[in-house]
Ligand code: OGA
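Quick setup: one chain, the form predicted on its own, written in structure tokens, and binding and motion questions come after.
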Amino acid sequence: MPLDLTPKIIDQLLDSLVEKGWFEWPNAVTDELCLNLLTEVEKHDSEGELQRAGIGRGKALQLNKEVRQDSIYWLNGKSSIQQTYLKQMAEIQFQLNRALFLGLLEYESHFALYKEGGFYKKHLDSFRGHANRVVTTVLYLNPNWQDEWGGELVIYNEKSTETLATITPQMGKLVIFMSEEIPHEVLPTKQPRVSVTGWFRCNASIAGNIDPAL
């Protein structure tokens, strides 16, 4: 179940990241892999293994329902399904490093579950000059998502309040953006909404112990 990383797609991805800072890739990941990932996160949820997501890092970590309302489970690569997905992200990492010289050394990711009413207000995944996170990825796992269910990812202009894109969380869609440059939010959802959110990072100093996003 490889990614369709044709030269055309690679060029579109690289050009979009350079010119706009973000890229929307419908049907990037097969339905089969998405459904297998969805089954896995539902199992973790039913067994009470998801944890409430917070904002901030380390001792500054806060659980603030006014800012975000999602639960997460970090991928650890122990299942074959996770391994398949992580291999696909490694392909993207290679292409980004090859073409853009970003110095990406690792990838970390988690499942994110927003239950009915869940949201995440406008934020950045990383701040200039303090970056470990360089590039963010979001893969959606929601089959047959309806527009009236909400839960869209809204991407904003870095320098104004202008909305650049409103992206529906449809299964198989992969959104990739520069972590320091793209303010974004998750609008309230009327149905359970599941994604795999990850970050290509420039070092491994605090992997697995930082504030997740989306």
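Bear in mind that the values here come from a model prediction, so they are computed numbers and not experimental data. In case it trips you up, residue 1 is the first one in the sequence shown, and so on.
Heads up, the form predicted in complex with the ligand isn't pictured, but that's what we're talking about next.
J.: Determine which one of 132 to 140, 74 to 82, 87 to 95, 101 to 109 lies within 4.5 Å of the ligand in the model of the complex, judging by heavy atom distances; exactly one does.
T.: Only one stretch qualifies here: 132 to 140.
J.: Can any non-hydrogen atom of A28 be found within 4.5 angstroms of the ligand in the model of the complex?
T.: No, A28 sits far enough from the ligand in the model of the complex that none of its heavy atoms falls within 4.5 Å.
J.: Test of understanding: in the model of the complex, would L174 fall inside 4.5 Å of the ligand by heavy atoms?
T.: Because no heavy atom of L174 falls inside 4.5 Å of the ligand in the model of the complex, the answer is no.
J.: Using the partner position in the model of the complex, report whether W199 sits within 4.5 Å of the ligand, counting heavy atoms only.
T.: Because a heavy atom of W199 falls inside 4.5 Å of the ligand in the model of the complex, the answer is yes.
J.: Does at least one non-hydrogen atom of L153 fall within 4.5 angstroms of the ligand in the model of the complex?
T.: It does: once the ligand is placed as it appears in the model of the complex, L153 has a heavy atom within 4.5 Å of it.
J.: Can you name the residues of 184 to 198 that have a non-hydrogen atom within 4.5 angstroms of the ligand in the model of the complex?
T.: Residues within 4.5 Å: H184, V186, R193, S195, T197.
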